[in-house]
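The chain below stands alone, shown as structure tokens; this is the form predicted alone.
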């Protein structure tokens, strides 16, 4: 009888352990990417980036961002960005063709020299226009590029979250050793991400500072990326957010980099 009781207790413990997490780590990450990077068929917003150094000095970047999905969440996407200010980046444009299982194509138009520059795949972790976000942070990283493990469930600022560890499969292609993510159990929005360097030291922290529904989609309206080693941070505010605008495929082409459509620049 005692043996049966112990066996039943162990079985119940395993059952509770497996069901408490609810789903596998990779499923959590896929749902998080769908909620964070893929809501709606397309997306348009005005974006204000504030670059702040450790002494509190600020620089501003203001841009219009467009995004269109091609297929289901987790599939191909295209991004287009037009910079309004400051003067040194005004009229600069950035185009991304993102693919789920291979390196994205990225182009940057530099108006001062009227040059379209192709951004090499190995530059995807470089700083995006001087900010603490990398090119890859802007458009996202494919789920399949990392090994994911579900560490635990806990509360983050009163919200129920999954804590997921993501380790790059090809460590030589990235500048971080692993990432921890605090992902909302209801909306699957990432509330916080911690990036650790290859020595295991905390290097960057992403936080979602304001989240609200827009046209039925949970949207991160304010977000911050901080380089904890340098003290520099980038604060981003989204406004005039619109989904499902019927954006034309022709907007997301190399031609639009130099010949800006009116609906983007206005």
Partner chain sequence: MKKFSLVEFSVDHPKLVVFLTIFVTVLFMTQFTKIKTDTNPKNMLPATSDVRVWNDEVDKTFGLYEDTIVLGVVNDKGILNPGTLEKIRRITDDILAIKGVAARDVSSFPTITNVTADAGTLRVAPLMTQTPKNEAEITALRKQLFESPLFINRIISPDGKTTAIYAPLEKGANGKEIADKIREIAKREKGDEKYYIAGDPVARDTFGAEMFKLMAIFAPIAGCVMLLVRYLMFRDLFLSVTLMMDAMISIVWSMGLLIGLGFPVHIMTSMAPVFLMAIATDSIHIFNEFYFRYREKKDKRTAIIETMQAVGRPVRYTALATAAGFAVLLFMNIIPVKVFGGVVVFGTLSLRLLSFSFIPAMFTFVKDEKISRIAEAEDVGLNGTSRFLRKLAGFGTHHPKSTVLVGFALLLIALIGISRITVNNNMVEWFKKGSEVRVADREINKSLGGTSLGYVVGISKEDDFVKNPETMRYLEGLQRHLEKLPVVGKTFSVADYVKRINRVLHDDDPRYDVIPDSKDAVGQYLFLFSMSAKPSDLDNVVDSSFKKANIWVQLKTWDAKAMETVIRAVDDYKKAHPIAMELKPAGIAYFNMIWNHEVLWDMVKGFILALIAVLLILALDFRSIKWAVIGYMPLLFTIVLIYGVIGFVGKDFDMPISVLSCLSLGMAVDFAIHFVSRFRQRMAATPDEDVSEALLWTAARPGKGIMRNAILFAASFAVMLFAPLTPYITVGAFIVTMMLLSSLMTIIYLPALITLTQRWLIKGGTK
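Positions refer to the first chain, counted from 1. So that the term is clear: the rigid core is the largest set of C-alpha atoms that superpose within 1.5 Å between two forms. Just so you know, these numbers come straight off a predicted model, no measurement behind them.
What follows is about the form predicted in complex with its partner chain, which we do not show.
Contact annotation: its partner chain lies within 4.5 Å of heavy atoms from the stretch 92 to 100 in the model of the complex, the single such stretch among 148 to 156, 92 to 100, 68 to 76, 176 to 184. Its partner chain is not shown here, but in the model of the complex it comes within 4.5 Å of a heavy atom of residue 59. Not displayed here, its partner chain is kept clear of residue 143 by more than 4.5 Å at the level of heavy atoms in the model of the complex. Looking at residue 128, you'd find a heavy atom of it within 4.5 angstroms of its partner chain in the model of the complex. Proximity of residue 88 to its partner chain in the model of the complex falls within the 4.5 Å heavy atom cutoff.
Only one of the listed residues (138, 163, 189, 108) places a non-hydrogen atom within 4.5 angstroms of its partner chain in the model of the complex, and that residue is 108.
Using a 4.5 Å cut-off on any heavy atom, the residues of 107 to 121 that reach its partner chain in the model of the complex are, in sequence order, 108, 110, 111, 112, 113, 115, 117, 118, 119, 120, 121. Comparing the forms between this form and the one not shown, the C-alpha position of residue 92 differs by 2 angstroms or more, with the core used for superposition. Once both forms are fitted on their rigid core, the CA atom of residue 247 lies less than 2 Å apart between this form and the one not shown.
Core-aligned CA deviation for residue 151 between this form and the one not shown: less than 2 Å.
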